[in-house]
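One chain follows as structure tokens, the form predicted alone.
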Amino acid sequence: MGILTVKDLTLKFNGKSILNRLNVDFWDGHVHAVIGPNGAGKSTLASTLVGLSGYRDFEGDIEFEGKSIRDLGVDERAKRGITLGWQEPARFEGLPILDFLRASAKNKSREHIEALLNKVGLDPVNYLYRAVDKTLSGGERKKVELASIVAMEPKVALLDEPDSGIDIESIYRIFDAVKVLKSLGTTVILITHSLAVLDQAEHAFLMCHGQVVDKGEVKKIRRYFEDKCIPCDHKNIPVQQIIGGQA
């Protein structure tokens, strides 16, 4: 059953279609991946789904749990259980990580907060009272934000490039957090260029030019990374494919 459904979604900036009659159905409780080349519209789709300012003047509809949310702002969508993990997380100057996580957590106990930090690979002894500010690296802030998303126990979590700024050793902690979200019943949507991140999903969509050009099980969509592209009727189809060569 689809928990979040996009119907004929068209979004234009300066007269140019970024999303072009897009139709997507995200299944309840599943881990999905949305992949595609730069400029395909992946991050724009994520921003539109959560209702960010500047991404609400669109044609078509977005339904959450069977009801339209096109007229709802980002705060109201968040209250209903839709959250977004940024590719570049925000900073909260002076706010300790403990307080930051408690603000979003359903379980506000210190023990639970410590467990969340451990899950994303941050030692609570060193991080509970660190401020969420410029003293943290991008990777550290990414982990803190992911811990906060797990703490929320949202119905839908969109993670934009969750491995961005993360070292190889830590990426497996991120994957553990994705598994925790799934165990909580959260529908996870991974926006990614990474094959390793794609492999954490159960189902994937390939976007190009603001549309879904392929979808299915991960093993099917993996060929995008192997061939760098798939045959389609878009004008940017690689010349090598047209003449029978390798892309």
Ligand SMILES: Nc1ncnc2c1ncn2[C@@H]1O[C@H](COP(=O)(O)OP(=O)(O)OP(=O)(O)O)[C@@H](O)[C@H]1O
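When you see a residue number, it is the position in the sequence shown, counting from 1. All values reported here derive from a predicted model rather than from experimental measurement.
One more form of this protein should be noted, the form predicted in complex with the ligand, which is absent from this view; the next part is about it.
Stretch 31-39 is the answer when you ask which of 56-64, 182-190, 212-220, 31-39 has residues with heavy atoms within 4.5 Å of the ligand in the predicted complex. At a distance of at most 4.5 angstroms from the ligand in the predicted complex, none of the three residues N118, F175 and D199 contributes a non-hydrogen atom.
Out of the listed residues E145, E114, E161, E153, E161 is the one that sits within 4.5 Å of the ligand in the predicted complex by at least one heavy atom. Proximity of I18 to the ligand in the predicted complex: non-hydrogen atoms within 4.5 Å are present. In the predicted complex, the ligand sits within 4.5 Å of a heavy atom belonging to T44. Of the heavy atoms in F225, none are within 4.5 Å of the ligand in the predicted complex. Counting a residue when any of its non-hydrogen atoms is within 4.5 Å of the ligand in the predicted complex, there are no hits in 206-225.
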